[in-house]
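In the form predicted alone, a lone chain appears below as structure tokens.
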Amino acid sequence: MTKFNPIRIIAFGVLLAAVALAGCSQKEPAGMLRVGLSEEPRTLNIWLASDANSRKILSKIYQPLYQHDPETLELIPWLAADLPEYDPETVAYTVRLRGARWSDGAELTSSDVAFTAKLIKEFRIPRHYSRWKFVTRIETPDKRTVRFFLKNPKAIFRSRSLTIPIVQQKEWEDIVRIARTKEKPLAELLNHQVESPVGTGPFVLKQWREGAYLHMVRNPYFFGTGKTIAGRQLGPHITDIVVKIFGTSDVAILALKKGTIDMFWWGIQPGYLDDLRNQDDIHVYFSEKSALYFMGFNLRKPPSDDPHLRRAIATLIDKNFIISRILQGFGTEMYSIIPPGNRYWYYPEVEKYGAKLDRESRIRKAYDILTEAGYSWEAPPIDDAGAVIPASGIRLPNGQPMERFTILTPPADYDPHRAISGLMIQEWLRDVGMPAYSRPMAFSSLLQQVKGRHDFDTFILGCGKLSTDPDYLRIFFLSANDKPRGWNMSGYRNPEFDKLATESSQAMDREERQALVRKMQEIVLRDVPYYPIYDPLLIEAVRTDRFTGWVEMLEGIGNIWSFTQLKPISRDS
């Protein structure tokens, strides 16, 4: 028997996937969508799934009570029949369910919803527990009604708690019962092997041949079929999804060009664009991401404990250069912690340090900020005639020389954009005499040094997929979160911000909360514990000769709206 080594398997990935598919279907249906993934999903256990590829597959199987409208990002009833009703006297939300069935034909009931929430609370499921720990009681007065009682008002309950995937009680209750008897119940639950997940989504898993493909088929019980939700008539109109696994982007892009797949479900590097744009049957989508790539400062020690220094550094960073030269134009400048694509919560009227200034003007402005704050130099960056010159020997306001400080970045093989940005920022800071040194290090070690030990000067990190709810702004900078492994990595402490953050988390009126979140953005950009730099564009490509109906929204076209609205193009037309 011929034995393929891993390199040959990757190199002939397209052929192997096609052969494997032939084993499960003699004739490819006209409504079969062929999708490429760069890596295999790691799990079908919804509670363990933290990688992007697992979440992509499971998001077509398990469904939440509410989705986000693709245009406005507002909450849209999904498994729920209407928007939740809030009773301020009892601090309770009432949710009514629409008629829906699980993929095994059983009816979705309020017991399934209550079971899901109670499971999360009991096992303290990572990534979900923080959204449910303030729920004190859950009632199910009838099979279509769920009532949630909260300890105190929480703005995130609607936008975060009610958007988790709902699981079937029948599928999970025995698993939960066994897990309770184990020494480590959570580990038992997370390690449970799920082979055929039962969901309420538009598709169900038919087969997974590891290393080759996943085959999903249309769920005949999908509640949305034929319904108009958020002004969109839903299908799905495609009968099958075959997800093929490719080891490299090169092989996947080749498959897209040859028509072996209809979509590569992964961000495409700009280097492929010229080739793809020359293909008549390929369309490239550019989508805004809900992401934040930023420079963080350690406010617990000098020199970055000084806000004047942080403002000067912010002034020296040329975001336009980073976007145009490092990201090759495929990104947007960020001025607030909330990305501009999140239009309702984004506040553009924050301090824009150094905006539209050329290099010499940035140096002059930074020099003015530092001089006014009491910094001095052996050789200042501005001479007596007002010319910009090489600087050296910068001294702190107390007269002590500024010691060498480090800009930690991920390594270039992990993220070249952040690594190169660190090198450029190093040079820009040296223009005013700062002894800055960029240092790449393994990503896990960087996180441990920054988040665990707080042993750093500055760093460049990114949050690749922020929630559309802005509560992360509170989480990132709340004083109480300044602790080992806490989310307040900079050690920012500001009573004014803490007060606004607490009020924003409890503000049930959306406009009132928007005003609070805007003020929080103002304060953060005034004090600069983080300095936002860029939000990269998500580049995706699809073939246009077999399907139509992709829906563009924040975070790209691989959303539930696309997969329920795609239609095959008639081959007779």
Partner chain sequence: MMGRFVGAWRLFRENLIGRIGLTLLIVFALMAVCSFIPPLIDPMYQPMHGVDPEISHSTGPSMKHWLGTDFIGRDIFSQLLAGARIAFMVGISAAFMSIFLGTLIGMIAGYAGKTVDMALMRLADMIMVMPTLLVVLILSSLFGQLHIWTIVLIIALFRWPGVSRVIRAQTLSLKQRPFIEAAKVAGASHVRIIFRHITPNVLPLALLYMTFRVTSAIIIEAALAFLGFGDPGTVSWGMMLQWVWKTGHMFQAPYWLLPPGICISLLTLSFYMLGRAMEEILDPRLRQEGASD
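Numbering follows the first chain given and starts at 1. Computed from a predicted structure; not experimentally measured.
There is another form of this protein, the form predicted together with its partner chain, and it is not shown here; the text below is about that form.
- Here the marked residues T248, P411 and M441 all reach its partner chain in the model of the complex, each with a heavy atom within 4.5 angstroms.
- In short, of 283-291, 361-369, 144-152, 412-420 it is 412-420 that has heavy atoms within 4.5 Å of its partner chain in the model of the complex.
- Using a 4.5 angstroms limit between non-hydrogen atoms, G226 is distant from its partner chain in the model of the complex.
- In the model of the complex, at least one heavy atom of F321 sits within 4.5 Å of its partner chain.
- Although the partner is absent here, G271 lies within 4.5 Å of its partner chain in the model of the complex, judged by heavy atoms.
- Heavy atoms of Q328 reach within 4.5 Å of its partner chain in the model of the complex, making it an interface residue.
- Of the candidates S111, T239, Q426, T94, Q426 is the one whose heavy atoms come within 4.5 Å of its partner chain in the model of the complex; the others do not.
- Taking a 4.5 Å heavy atom cutoff to its partner chain in the model of the complex, the contact residue among D275, E349, E71, E496 is D275.
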